[in-house]
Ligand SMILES: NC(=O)c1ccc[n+]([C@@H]2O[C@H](COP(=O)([O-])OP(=O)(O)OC[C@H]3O[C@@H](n4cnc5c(N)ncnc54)[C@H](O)[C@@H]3O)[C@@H](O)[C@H]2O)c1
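In the block that follows, a single chain appears as structure tokens, in the form predicted alone.
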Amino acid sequence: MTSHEVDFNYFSQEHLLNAGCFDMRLIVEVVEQTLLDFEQGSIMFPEKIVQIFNQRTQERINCLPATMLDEKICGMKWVSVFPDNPHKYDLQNLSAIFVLSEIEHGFPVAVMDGTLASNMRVGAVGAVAAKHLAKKDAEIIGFIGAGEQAKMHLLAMKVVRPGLKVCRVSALTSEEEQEFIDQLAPILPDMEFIAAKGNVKMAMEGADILVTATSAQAPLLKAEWVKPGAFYSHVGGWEDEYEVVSQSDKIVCDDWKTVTHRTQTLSRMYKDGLLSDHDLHADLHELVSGDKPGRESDEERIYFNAVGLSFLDIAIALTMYKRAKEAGVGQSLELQHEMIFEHADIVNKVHL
């Protein structure tokens, strides 16, 4: 008789960390390979569902699906972003879970933490862009923002630009800057860390790589601080003045069509008629595949904007799932033991 038991694996963030999933070099490689898979048509990538509860703060919960056809895995990320959490409640602003299902029978195979993968993906995508667009001899990186995504950016940038020597960081408070330094300095002992004490100009002016990773909706980054040859990774919404874009020699996105429907600086300029499709140099997968060139001179100012692609999250989740399974961590949980009407006592459990 066919067994109708359905089980799945559960992995907490601690399970994933203990399995060695916080491997930034691996995740950078996964992002590159998955971008190639996407270009070759082996990924299903439907629109995400967005529910915004507060237009001012952009508090929201999103549902992001994607399917890796070659791996026969369909996944979904359920992610919340509540920007006021840190300063109102001393809580993280982002939390996420993944559901992975196989597509032979359609049963779930895993429910797992998604916060680690989400934050690593942000950093890894920025790093893949930097690999193709930042100067190879980059030494100084500057940050506006000192949260989890900024921290992940630094770790990922160090993978592709190991020559980085100085990190300057500006945040809303000195405490946030110091926490950034206290947490990252032991991991990167060869770097010099400088707290800007809220002085965003000090953090960014003259840096080889600039990163804005904030929840602000204001032009914090000024064009005059972006030197020739600089690479700028834009993570949040509206974080830079329009002239930062206008003076850039190349504009690259993770997905330009998606960007045009969002609230980033590029999105605003597009809607205002200040930017057109012809102003885009490339989507990131075109650089990875070699279809379009990356940096072509040491003087180019290059602007990169990523809004997040769900298929990269699912690919990272699948990679973490496999590593965690191999490490023997996590829990096997029963979704059902048998089908509903196979229960011997079902007559006692039906309420009409």
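Sequential numbering from 1, following the sequence displayed. Keep in mind that this is a model prediction, so the values were computed, not measured.
Not pictured, yet referred to below: the form predicted in complex with the named molecule.
- Only one of 121-129, 67-75, 183-191, 158-166 lies within 4.5 Å of the named molecule in the predicted complex by heavy atoms, and it is 121-129.
- In summary, among the residues Ala96, Ala213, Ala230, Cys253, the only one with a non-hydrogen atom within 4.5 Å of the named molecule in the predicted complex is Ala213.
- Scanning Ala315, Leu35, Ala306, Ile43 against the named molecule in the predicted complex with a 4.5 Å heavy atom cut-off leaves one residue, Ala306.
- Within 4.5 Å of the named molecule in the predicted complex, a heavy atom is found for every one of Ile144, Gln149 and Leu220.
- Using a 4.5 Å cutoff between non-hydrogen atoms, Leu154 does not count as a contact of the named molecule in the predicted complex.
- Remark: Pro108 does not count among the residues lining the named molecule in the predicted complex, judged by a heavy atom distance of 4.5 Å or less.
- When the named molecule is considered in the predicted complex, Glu176 lines it closely, a heavy atom lying within 4.5 Å.
- Though the partner is left out of this view, Val235 does reach within 4.5 Å of the named molecule in the predicted complex, counting heavy atoms only.
- Taking a 4.5 Å heavy atom cutoff to the named molecule in the predicted complex, none of the residues in 272-305 make contact.
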